[in-house]
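Look below for two forms of one protein chain, each set out as structure tokens: first structure 1, then structure 2.
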Structure 1
Amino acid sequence: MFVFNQMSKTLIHGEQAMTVGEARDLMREKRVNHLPITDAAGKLVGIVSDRDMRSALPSDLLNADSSYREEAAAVLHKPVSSIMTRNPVCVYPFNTFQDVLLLMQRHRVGALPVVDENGFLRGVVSGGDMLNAFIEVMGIDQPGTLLCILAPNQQGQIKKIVDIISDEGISTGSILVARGLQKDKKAFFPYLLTNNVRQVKKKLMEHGFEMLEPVQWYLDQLPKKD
């Protein structure tokens, strides 16, 4: 749940003394879209994104022109510090997965450098790392079945559901909860790590839970034609 578990630990970074060209080659070679830039001591000073790189260079479509090569060469020889974002938003290894999601959403960035308390670069956490973490959290990298359960909007429903599932000896990959699907109802989506869902479905229905028909529900929500 902490950034430390999710971030890329092979540290790929540039130094501010680098040229734009060197940084571009490094990003291509290591196939990264974000390159944190440090000073000689290893403290974070900025970050360069693929987009920074593209907007700094003239369009590829012009590369037949001799003027393109001259312009590109001029840019590639500039220091990388001239195109990087200075003092970027960054996170600490003990920030959480949720912090990172919210920061990425708020600042509209695709990756965040990870630094320690003294500002030394420790890693990068990217949108791709978050996707992997999400897949793991949802359990969908393992075989399983999703149940779609509609329950009254009262306290204690999730406990009942979880009790029924554990009584059947079934492991749960994740449980998503949706409020506001229907008035006075909550929907629960447990992802069960088994093919053997017949008995647990029967038990849930015996306890008065309703199995939601997801597609029918979706169709019911569509604006009605007059």
Structure 2
Amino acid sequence: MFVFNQMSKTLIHGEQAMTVGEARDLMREKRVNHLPITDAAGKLVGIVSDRDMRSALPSDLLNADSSYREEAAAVLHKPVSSIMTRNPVCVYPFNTFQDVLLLMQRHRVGALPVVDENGFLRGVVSGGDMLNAFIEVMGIDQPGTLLCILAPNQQGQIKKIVDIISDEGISTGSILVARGLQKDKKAFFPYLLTNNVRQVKKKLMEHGFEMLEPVQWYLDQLPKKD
């Protein structure tokens, strides 16, 4: 899945010439937490987050104080470039879902501007967009059941599992694979698009697979207390 499938293509952005106050008002009006900043030609030069705004302005706890109003007014009249993050981390329309997740985690950001090869702003991809993409990829927007299957850490196990599920006439929304504390085993988590899983669980166990409750598997991976 590529960025252009999930990004917000409505170009809500600010320009270098605007003030902090104008940027704040635009973010409030459009209800966005991240505002890309472009130059007059439309090239990305920075980004402002709601966190940047909160850091720049005096605390609302002081709003009854006359000094608060003076300080707030001074900040709101400053150029937005004074608080924006310059040369922000960005992605391209043909970056993948995985690229975005890794960059968001590595740089601890909630949104990434999307630019073309010439640096012109084309959209924004946010954590919310990634959550929607994850739901779509996993197929969990449809009713179903998550299984946890423990199997030997060997090639071909996932094919065996899929074949057994398919033989029962059950569709699979997705399958996640996790390595746990047991180095010789893997945990497979198929999301089946049915709530009637009794027979398929029986078939899986007949083929030598170990069935666990997903929550129990997770709890088993937690560090043991002394």
Partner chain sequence: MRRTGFLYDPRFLLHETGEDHPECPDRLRVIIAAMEQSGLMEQLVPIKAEKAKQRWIEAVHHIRYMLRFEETCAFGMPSLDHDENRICYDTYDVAILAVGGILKAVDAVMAGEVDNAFCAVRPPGHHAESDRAMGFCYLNNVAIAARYLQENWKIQRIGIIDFDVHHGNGTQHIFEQDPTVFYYSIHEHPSFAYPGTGRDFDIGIGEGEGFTKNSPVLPGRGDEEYRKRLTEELLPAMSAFQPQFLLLSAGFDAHRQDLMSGVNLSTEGYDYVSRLLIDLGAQLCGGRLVSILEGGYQLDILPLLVTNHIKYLAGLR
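For residue numbers, the reference is structure 1: its sequence is counted from 1. Bear in mind that the values here come from a model prediction, so they are computed numbers and not experimental data. C-alpha atoms forming the largest set that superposes within 1.5 Å between two forms make up the rigid core.
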Form selected (criterion: the form predicted together with its partner chain):
1
Core-superposed C-alpha of E213 shifting 2 Å or more between the two structures:
yes
Shift of the Cα of D167 between the two structures with the rigid core overlaid, in Å, rounds to 2.4
